[in-house]
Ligand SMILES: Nc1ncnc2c1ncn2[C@@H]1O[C@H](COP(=O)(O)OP(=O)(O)OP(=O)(O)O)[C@@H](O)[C@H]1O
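Given as structure tokens, the chain that follows is alone and in the form predicted alone.
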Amino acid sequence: MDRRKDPYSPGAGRPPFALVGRAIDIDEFEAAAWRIENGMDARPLVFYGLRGVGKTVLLRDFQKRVASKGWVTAFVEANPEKSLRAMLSDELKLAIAEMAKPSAGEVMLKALKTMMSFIQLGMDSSGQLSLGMDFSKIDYSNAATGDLSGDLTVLVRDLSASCEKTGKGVALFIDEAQDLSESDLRAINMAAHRASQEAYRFIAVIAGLPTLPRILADINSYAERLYRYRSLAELDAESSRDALTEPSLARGVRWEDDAASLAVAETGGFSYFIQEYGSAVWGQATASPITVGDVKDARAEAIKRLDEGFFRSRWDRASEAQKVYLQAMASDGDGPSSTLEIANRLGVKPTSLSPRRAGLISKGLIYSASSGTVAFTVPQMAQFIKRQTT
């Protein structure tokens, strides 16, 4: 097929041609947004799951839906080396540019001033900010105290108030939330908690690895009741088939049923893998319909792409000692693996492996699935590891 017309979108967070299998999750968010627009409270949302299931794509879809209606939105991808305030400030600068108008009323001016104080932009002694607007007569609660929990709550409150007359809302999207510091997560919990109590026009939507619900609850016990938790798993067979076949059909190319079934089985229903396999098969096939032979011929290329673009960077992140630990886990496939059994396989005491285990969890390569067990954060990682050792 013509590679220029490849309808698949492998890549981190790239939106697919068809967002399938997530109707319930989309309805959940749409219902929350509707409640906010109609002056009611809405529970913040947490989506968690393995890498490659489509969490980032879903959050971006949510943001697009409300941004198109005039909401104030901010999207943050957590980075362990950067604070939430710094990441959020970069996003707020864009929002300020959109909101700042000479005709802005007092409530809007207050929200703008709070935003400016939160990101700590320059304000001269006359009360004139770089926007060229006069904020000196506006009474407001400063959002630059240095206490992120309080500052973020004030920011949410004032932004929410600025949306009262317009019937819009404020949405904060945070991806890879497990990488935030404890203080940053506490600030999110507290701001979301106050927003729920006071029915602010605000919703927080957070995504991360399967450990995220426990992390949030460990920081504030009320987080167990605060959020609406949704587990994002691999797509079922029907949705996987739709995700695979609908993009090519839009290009006038059909899949044979057996060919689609084989490709779906290879991907395990993981959204990222479906896009990668679809792209590899598209490059292999020469005519419609796509056949079982096309899928088999493209398999090596699809695996190569996954190995080089999805697995390799994660494998290389591990030290040599940590790779030995991962190899011991790979005997259990995608797991979970017993930490005691891993120690037995390596012929050492379980306690001696604690630093390796903690290091791998910190690097986001594995997670504690339950007491005494660990599992890969990346689907099919065990298969990749076995390919490296054979």
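Note that residue numbering begins at 1 and tracks the sequence as displayed. Quantities reported herein were computed from a predicted structural model and do not represent experimental measurements.
Note that the form predicted together with the ligand isn't included here; everything after this is about it.
Within this chain, A382 is remote from the site of the ligand in the predicted bound form, having no heavy atom within 4.5 Å. Among heavy atoms of S248, none comes within 4.5 Å of the ligand in the predicted bound form. Remark: Q275 counts among the residues lining the ligand in the predicted bound form, judged by a heavy atom distance of 4.5 Å or less. The closest heavy atom approach of T114 to the ligand in the predicted bound form falls outside 4.5 Å. The putative spot formed by R14, R22 and R51 is fully lined by the ligand in the predicted bound form; each residue has a non-hydrogen atom within 4.5 angstroms of it.
Note on the partner interface in the predicted bound form: the residue among M87, A260, L235, I303 having a heavy atom within 4.5 angstroms of the ligand is L235.
Though the ligand is absent from this view, in the predicted bound form it lies within 4.5 Å of a heavy atom of just one residue from I290, A177, A243, V72, which is A243. Only one listed stretch (249-257, 190-198, 265-273, 223-231) carries heavy atoms within 4.5 Å of the ligand in the predicted bound form, and that stretch is 265-273.
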